[in-house]
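One chain follows as structure tokens, the form predicted alone.
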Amino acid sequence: MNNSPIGIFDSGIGGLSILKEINRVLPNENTIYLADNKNCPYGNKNISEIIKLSLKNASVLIEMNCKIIVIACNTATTNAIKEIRNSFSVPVIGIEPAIKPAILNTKTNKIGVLATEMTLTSNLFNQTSNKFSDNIEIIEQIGFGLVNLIEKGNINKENTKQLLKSYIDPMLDSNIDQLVLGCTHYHFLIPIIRQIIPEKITIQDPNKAIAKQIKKILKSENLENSLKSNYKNKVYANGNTEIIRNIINSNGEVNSLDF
């Protein structure tokens, strides 16, 4: 199993930012990435459908002999990680909004969270928020429409910036000093977000922490790749592959796959 790939899935291109960090932190590890963009976005689906799609994705990765599963989707993690862990014997790592570091670092005691509807309403998100949020005000905002714009490649369009501004401005009026990105897709919006928010506001993006956690789990489970070679990425999408190819460039192959 040591030389088997790390399996990663997301509803679309969002998790590619995590893939990039995995490549940087774990240069000897091979990866398989599934973009379920045929069913994207997950954030407006009901819980049972999110669980069904997440289990399907995990099953495909197991069939591809992956040694660990990374759920590179906040919505899938917060709604389906328990079911995935109960269904498969390999280690499963999820991603949650970085509420804890935001709370630990806030000076104004006010933090903003931009996420999908199904992440903000999930039990796991609320448990995490309640656990760490004594005397902290959390201003939540659903990022309606953002994932669709990103999936269509409209990241740098003026309408995307204006939509973002309409979501973030009320948080700024509330005097937040931490902005938590609760969807992996939103990572690609950071350059635009930086144009909207003051420099003093910290953007909490968990990608680096997730890559370090994967490294820790691989070591503790004795699953590190013993072959010292540069990583190889295999990316599969069951929908449009054009945007993914533009992001991946020469860092791996992108294939269409019906799953």
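One rule holds for the numbers: they count along the sequence shown, beginning at 1. Here the structure is a predicted model, which means the values were calculated and not measured.
Although not depicted, the form predicted in complex with D-glutamic acid (DGL) is the subject of the following passage.
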Is Pro41 near D-glutamic acid (DGL)? Define near as a heavy atom within 4.5 Å, in the model of the complex. yes
Any chance Ala80 has a heavy atom within 4.5 Å of D-glutamic acid (DGL) in the model of the complex? no
4.5 angstroms heavy atom contact with D-glutamic acid (DGL) in the model of the complex for Val147: yes
How about Val113 - does it come within 4.5 Å of D-glutamic acid (DGL) in the model of the complex, if we only consider non-hydrogen atoms? no
Quick one: find which of 161-169, 105-113, 183-191, 85-93 has residues within 4.5 Å of D-glutamic acid (DGL) in the model of the complex by heavy atom distance. 183-191
Where, within 75-109, is there a heavy atom within 4.5 Å of D-glutamic acid (DGL) in the model of the complex? Residue list please. Thr75
